[in-house]
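Next comes just one chain, in structure tokens: the form predicted on its own.
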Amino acid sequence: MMRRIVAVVLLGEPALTDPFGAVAAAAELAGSGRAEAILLARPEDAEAAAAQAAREGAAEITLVTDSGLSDPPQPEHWLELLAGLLAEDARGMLLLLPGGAVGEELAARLTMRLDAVPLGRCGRIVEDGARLIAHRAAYGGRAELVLETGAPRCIATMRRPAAPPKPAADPVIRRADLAIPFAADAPRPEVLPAAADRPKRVDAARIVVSGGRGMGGPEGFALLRELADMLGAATGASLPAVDAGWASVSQQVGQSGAFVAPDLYLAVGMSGTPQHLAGIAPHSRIAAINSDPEADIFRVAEVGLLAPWQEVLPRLIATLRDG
């Protein structure tokens, strides 16, 4: 059975920091085959989105446009668009959605609509003939769960792979102009401004100030939050810091946490394990503060400061406060 490998790109959702990441993952999985991409966008955004999908490795691109998309688009609308496009396709298919809460919610709902097998948040998927072997992190990244299935339809979420994508030459581009009617009295979510004291979402921030096991306790995270507030940043954390109760699960960055793609990622007291670095986009610039000269974080940081955070953070906060 020839299985289609199809990535979905959701445009217009501010919480998606890397909407094309699933396309790069699909292209890597397809190898010498043809990765497909389905782009959900407004008509005015379609051409630029198709060009970006081709740069990410999509050899076949379907532009699904609907001028009725709200701002931001609602998951119900995306669900109807995708279900309407794929419901009649009886071929074998692996559908990839972007990692994160938005993609995972839509994947779960599409699983029911398309009668597909859910693979969840995958770090790696391998084709073995007609079967798929999916690898997922389990128990907070301490173990790996391997799923094997021969089901014709499977759905997973995947983040951008570490290897840069190979652009597709002369991609085939199709259009599917759809208009999904919604009842006038259908309930719509009410968008409310965030409370002033509510922490910024770590997966949508342009700057992330993150702490690890080396912070030693909650006192260090209090300084991190103060610094983050001054920079307009979000506060992140490693798995050990979350396990210790110094930060919330919503702040966890890494393979078993949130995927972030900030312009600047400041890692404080962090060793830099591969599991943690897997949650940081390749294009993010990393700066590190650590007192251990052998810390792996210095291997990937563009700027590194070898010093105890107890000396650096108060002085950095004071400098920013004084202007």
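In this text, rigid core is short for the largest set of C-alphas that superpose within 1.5 Å between two forms. Owing to the predicted nature of the structure, the values given are computational and were not obtained by experimental measurement. In this text, residue numbers run from 1 along the sequence as written.
Just so it is clear, the following notes concern the form predicted in complex with a small molecule, a form of the same protein that is not shown.
Mapping the unseen interface onto this chain, Leu96 falls outside it, with no heavy atom inside 4.5 Å of the small molecule in the model of the complex. The closest non-hydrogen atom of Gly100 lies beyond 4.5 Å of the small molecule in the model of the complex. Residue contact check for Pro240: one or more of its heavy atoms lie within 4.5 Å of the small molecule in the model of the complex. For the chain shown alone, Val253 is a contact residue for the small molecule in the model of the complex, at least one non-hydrogen atom being within 4.5 angstroms.
Shown without its partner, this chain lists Ala30, Ala49, Ile289, Ile61 as candidates; in the model of the complex, only Ile289 has a non-hydrogen atom within 4.5 angstroms of the small molecule. This chain appears without its partner; in the model of the complex, the one residue of His77, Arg124, Arg201, Arg213 with a heavy atom within 4.5 Å of the small molecule is Arg213. Contact with the small molecule in the model of the complex, defined as a heavy atom within 4.5 Å, is made by all three of Gly257, Gly269 and Ala295. The stretch from 157 to 165, 232 to 240, 107 to 115, 125 to 133 that comes within 4.5 Å of the small molecule in the model of the complex, counting heavy atoms only, is 232 to 240. Once the cores line up, the CA of Thr273 ends up 2 angstroms or more apart between this form and the one not shown.
Once both forms are fitted on their rigid core, the CA atom of Gly57 lies less than 2 Å apart between this form and the one not shown. When the rigid core is held fixed, the Cα atom of Leu82 travels less than 2 angstroms between this form and the one not shown. Look at Pro274 and Ala108: in the model of the complex their Cα atoms come 3 Å or more closer than in this form.
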